[in-house]
Each structure stands twice: as C-alpha cells, then as structure tokens.
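Okay, so here's just one chain, in structure tokens, the form predicted on its own.
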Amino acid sequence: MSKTVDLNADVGESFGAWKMGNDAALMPFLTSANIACGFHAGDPRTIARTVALAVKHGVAIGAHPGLPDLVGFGRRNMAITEEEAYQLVLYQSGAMRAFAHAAGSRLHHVKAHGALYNMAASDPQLSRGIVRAVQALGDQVAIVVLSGSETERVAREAGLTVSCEVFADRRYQDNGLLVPRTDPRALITDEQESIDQVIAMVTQGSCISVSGRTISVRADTICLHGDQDGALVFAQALRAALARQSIAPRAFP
C-alpha cells in the first residue's frame, strides 16, 4: 500500500461506575488513542486500564486534556486565559505521560478535547497556551490539531511535530472549522457518507462544506468518535474502505 493514515479515537471516557463507549472492542482498529485525563471524563483507574489496552494492541498513547467540566463533558465553552490553557494541558498531559511510562510505553501526542479544541482552533492565544504546554513536555511529544486551524499555525511556528486531524462523522463550515454540535447538521449519521468524506479527505485533500463548497484539508489522522452508536461497526467498515483504496492505517508521524 502506497499511502498511510492514522486512525484515532477519543477513549477512556468512562468515570467511576458510569460507562461510555466500548474501548476494548474498538482499540484493535485504531493506530492512536486520545485518552481522557480526568477533567472532562476519565479517572485514574480508567486511565490505567485504557493505557494498558493501548499497549496491548500497539496503539500510540495520547493525552486528551479538556476543560474542568465533568457535567458538561468538556463541551461547554469557558472563558480561560492563555496561561490557564497552558496549566490545564500541562497538568493533565503530565499525568497521562506518567501512566504511559508506568505501563512501559511513552506519551506520543496531545490532542485537546471538545470545547478547548474548538475554541483554540480560532483563537491564537488559547492555541499558544496549548502549544506551550506540549513544548514543556519535551520528549518529542506531537500535537494533534484541526487541519487549517490557528492551533496548526501556532504549533508549526513553534516547531512541534504536528498531525492534522479530520473527522469522519462531522460536517465542516466554509472556513474549515467544524459545524458546532448545537447545529443539527453537525453530525454525519450515514455510514457511507462518512466513508465517502474520509476517502475524499485522504486521497484528494478536500471535503464539501455544509454550504456545498469544496474546502481544502490535510488528513494526517482521522478521528473516529468511540462514543457514537455503531462506532465499532463503522471502524470495521472504514478500515475495509481504506484497504480498497490501498491506504494502510499507521500511527503518525
């Protein structure tokens, strides 16, 4: 196969007795995992279990730091400063790195979660806070960013290893940002439509926005939402569709 692409998912999002997703079933179909760090979801026991699953299946371990909002699952905007973004991301990612090291592995990347990710995508100050935290981690830790976002620009200027992310099940605005979840058009629920979007993004570097415009994207890594209904079936179908296009799944970079 001549082309490769990373397949990631947000995992480890259970908390205490509350369960979300089926990480054990989904993990074998991934090449990298973004593991919740305890602020928007997750807890120490869940982190340890999810890291162990990633190690077992040879999946690259990523920190998935979010806003301190368990009730809102980190999807509600909060007014935070650049310095607060730096501290939130460094604190959570440092904990994830400790769990990875304890399991005999390493922290491969950092990907901000939910509202923090989306706010930073158009906010250079929040992006600088996140980027500074990844720089402070050292160890060649990479950063996952929304393709074409402010976070990508700031991270590249800082010299970080950058992986541009696209979404299998999300629709895009004309400016390349994701359609907000408050918009009923935000999620793609049809499996074939999601697969067609992914293939176009990987092979052509483009996708169609909600208004019908063709927008350019860079697809280094594809996000599969593990908390969606049918996530496992979709992951299997997507892997098969990529294979038909001679595209092999492999962790970046």
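Numbers follow the displayed sequence, beginning with 1. None of these values were measured; they are calculated from a predicted model.
Note that the form predicted in complex with another copy of the chain isn't included here; everything after this is about it.
- The contact residue chosen from 172, 86, 117, 167 relative to another copy of the chain in the model of the complex is 86, the criterion being a non-hydrogen atom within 4.5 angstroms.
- 90 is the sole member of 90, 146, 162, 154 with a non-hydrogen atom lying within 4.5 angstroms of another copy of the chain in the model of the complex.
- Of the heavy atoms in residue 77, some are within 4.5 Å of another copy of the chain in the model of the complex.
- Under a 4.5 angstroms non-hydrogen atom cutoff, another copy of the chain in the model of the complex has residue 14 among its neighbouring residues.
- In the model of the complex, another copy of the chain sits within 4.5 Å of a heavy atom belonging to residue 68.
- Interface residue remark: residue 29 is not counted as part of the site for another copy of the chain in the model of the complex, having no heavy atom within 4.5 Å.
- Heavy atoms within 4.5 Å of another copy of the chain in the model of the complex are found in one stretch of 122-130, 95-103, 146-154, 173-181, which is 95-103.
- Residues are counted as partner-facing when one of their heavy atoms sits within 4.5 Å of another copy of the chain in the model of the complex; in 43-63 these are 43, 44, 45, 47, 48, in sequence order.
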